[in-house]
Structure formats: structure tokens, C-alpha cells
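Here's a solo chain for you in C-alpha cells, the form predicted on its own.
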Amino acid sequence: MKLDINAVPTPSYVLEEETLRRNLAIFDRVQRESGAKIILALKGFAFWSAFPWIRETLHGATASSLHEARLAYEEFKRETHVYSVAFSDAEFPEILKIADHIVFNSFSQWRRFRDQVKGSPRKPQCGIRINPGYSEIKTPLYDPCYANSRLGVTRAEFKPEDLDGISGLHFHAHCGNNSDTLERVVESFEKLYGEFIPKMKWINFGGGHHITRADYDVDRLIRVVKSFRERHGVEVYLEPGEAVGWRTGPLVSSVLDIVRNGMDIAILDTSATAHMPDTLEMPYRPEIRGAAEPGVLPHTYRLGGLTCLAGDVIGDYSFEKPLEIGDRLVFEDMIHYTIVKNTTFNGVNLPSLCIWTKEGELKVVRKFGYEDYRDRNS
């Protein structure tokens, strides 16, 4: 049932149950036909009110911090995987209490904590993140394999003598790439680290796989994973985050004011810097329902946020009709990498979190207020 935009309080992120379930059906097919185990990367999607639906299909969740690990353990309630660039002495004992898999970013971290692992009643499986030596990511900000990267052990720094207690290898070299890229990354991984695969129980192919995107070659992904498993006799994990929340719902905003400075400027009750930071970091241009590039439709506006940051600008868009105060704008595909990254900069309130059920009911599952701003500042 189509989302009723007028029923949504603004600003709000709205997760649409029906589209999420369509994504989960794709993951289900990949698991059944390839034998892979798919786990949710919380760094891209942590809308935990939807976990009861997601855990019906996915095997667990993967975390990059103690707080994410607790969310995985307490709310997802299946396998809890944890990777961190570096674990601290203060937090690692807490990680040990809840993790099923722990991946270390270096052999020095593994040596530092392996006695604690071996003495743990939980006995998590442990792995090492490696640099596969190949990626096709064009933006260095998102490329774990760029020159002098701090992420993963290179082949030159790999320590076979320290593999006792290690049951898996992990690599991550994707950022929205298709499965043909994965095939080439796997080839590089096998070339550099193939001699160590027979000693492993599992290999984690990382995240960044846009499995639910319309042009993603799912058949090739299945072939790549299935062939790898058959060649090496190991389990394969995939850990998408963005792909789970891909096109599962919008951010709905309202026009607060319209001003003019050389062009028409619409001020919204949302913010680029606070609510959709990738518009400034990547940069990324959100798709707006019914809008087009500037100049394409009769009325062009610059869309600005409500913080005092001069650059809090979402972009320039054109519309069929003039915008008016109170109009609602629907920013498509705003469930992943927004909620997990947004801030209360300037004391601007966070958007509410809503679910549009497949039965056509709008549920407001979380509203934010002054206390959320206050409590994070002292």
C-alpha cells in the first residue's frame, strides 16, 4: 500500500515494511543458492525496530564497536560478529562476553588479546582482516585498499606463524560495486592468500555489495560464492548494510520559508549536515520525488537546511509548480547511512523514526527531543 505522505510528521525517516521484505527475499535467494551466510552490517543500517523481520532471513549482525555489538547481541539476537580497527583494553572484555566472531585488524591486536580469547567461556571464533590487494573504489575516502591504508594486513605484513587460534580471514574492498568487481577481488585474494585458506573455517567477503540494487548481477554473485565454497570447502559470509536498507523508505520534510538571493531558496525543516551528511561528505545528491535537475522544470530552488552552517545546502532542484510554505518534500532512499550518521548539530532535532506497515498503518516508533540533545553534551 502506497505511503500516505500527508500522514507523516516532519521531519521523519519512514521505513516501508513491504520494500524491506522485498530486499530480504533477494538475500534469502542468495543464501539458498550460493550457500553464503549473510549478516547485517550495522554501520549502514541499525533501524532495530525492523530486526524482528530481518532476523527471519539473515544469520546475524556485524558490529564495529562495543555499542554496535551490544545492539546486535541484545536486539538482533542471532550471530554477533565484531570487527574493530583497534580494540581497547577497557572494552575488549565486554566484547568477549557477547561476540561469536571477532576479527582483528592486525596481528599485534591478535597477540595482545589472544590469551583473553582462549580463556573466555564463550570461545568466539577469531579472524584477521587482510588487504586483498585490489579494489575498484574510485573515492579514496571509502577505499580500504588505497595506498598506506590502515585497514587490514597486507601480504607483506602477514604473519603465518601467528595463525594458531585464527579460524577465518576477512576482507572488505567494496563500496557499491557490482558482483563482477567482487569476482576480481576474490581472484586477487586467492592469489595473495590462497595458501592459508585450507587452514580456515570461514572467509568473510565483507560488505559494500549492492545486492538489492536493480542493476546488480545477483546470478554472478551466486556463482562466485558457490564456486569459492566448492573450491575451498569453507563457509562464506557477506555483510551488507546499505543493501539491506536500499530504497526502503524516504525522509519526509516540510518547507519552512522561501527567501531570495539571486535565486529562490527554500528553507526546510531538515538539514544536509545534520540529517543527511553524505550530501556534503561524498558528495551525494538525494533524489526528490517529483523534482528534477535545475532548469529542467519551470521552477528552480536551492534547498537549504535550518542550521547556521553556511554550506548547509542539499542542492538545486526544479519543480513543476512553485513551492509554498508547508509543502512536503520526499527525499527518496534515506534509510541507510543517514540515521546512523545524523547529529544534533546546532541543537536541531533529529527526525522521527516511522514505519509504514504493509497493511498501510503509519507507526511512529521514536520521537526525539531536547533531552536527546542535552544528554549527549554533558
Ligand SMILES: Cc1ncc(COP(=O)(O)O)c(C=O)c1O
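Residue indices: 1-based, along the sequence shown. This structure is a prediction, so every number in the text was calculated from the model and none was measured.
Another form, the form predicted together with the named molecule, is not on view; read the next lines as being about it.
Undergrad: Is there any non-hydrogen atom of A41 lying within 4.5 Å of the named molecule in the model of the complex?
TA: Yes, A41 sits close enough to the named molecule in the model of the complex that at least one of its heavy atoms falls within 4.5 Å.
Undergrad: Is E242 part of the interface with the named molecule in the model of the complex - any heavy atom within 4.5 Å?
TA: Yes, E242 sits close enough to the named molecule in the model of the complex that at least one of its heavy atoms falls within 4.5 Å.
Undergrad: Quick check on G168: any heavy atom within 4.5 Å of the named molecule in the model of the complex?
TA: Flag for G168 set to no.
Undergrad: Please tell me whether any heavy atom belonging to G152 falls inside 4.5 Å of a heavy atom of the named molecule, as the geometry stands in the model of the complex.
TA: Result no; G152 lies far from the named molecule in the model of the complex.
Undergrad: Looking at 306-314, 349-357, 327-335, 41-49, which stretch has residues with any non-hydrogen atom within 4.5 Å of the named molecule in the model of the complex?
TA: Selected range: 41-49.
Undergrad: Within 4.5 Å, heavy atoms only, which of G127, G249, G207, P124 is in contact with the named molecule in the model of the complex?
TA: Contact residue from the list: G207.
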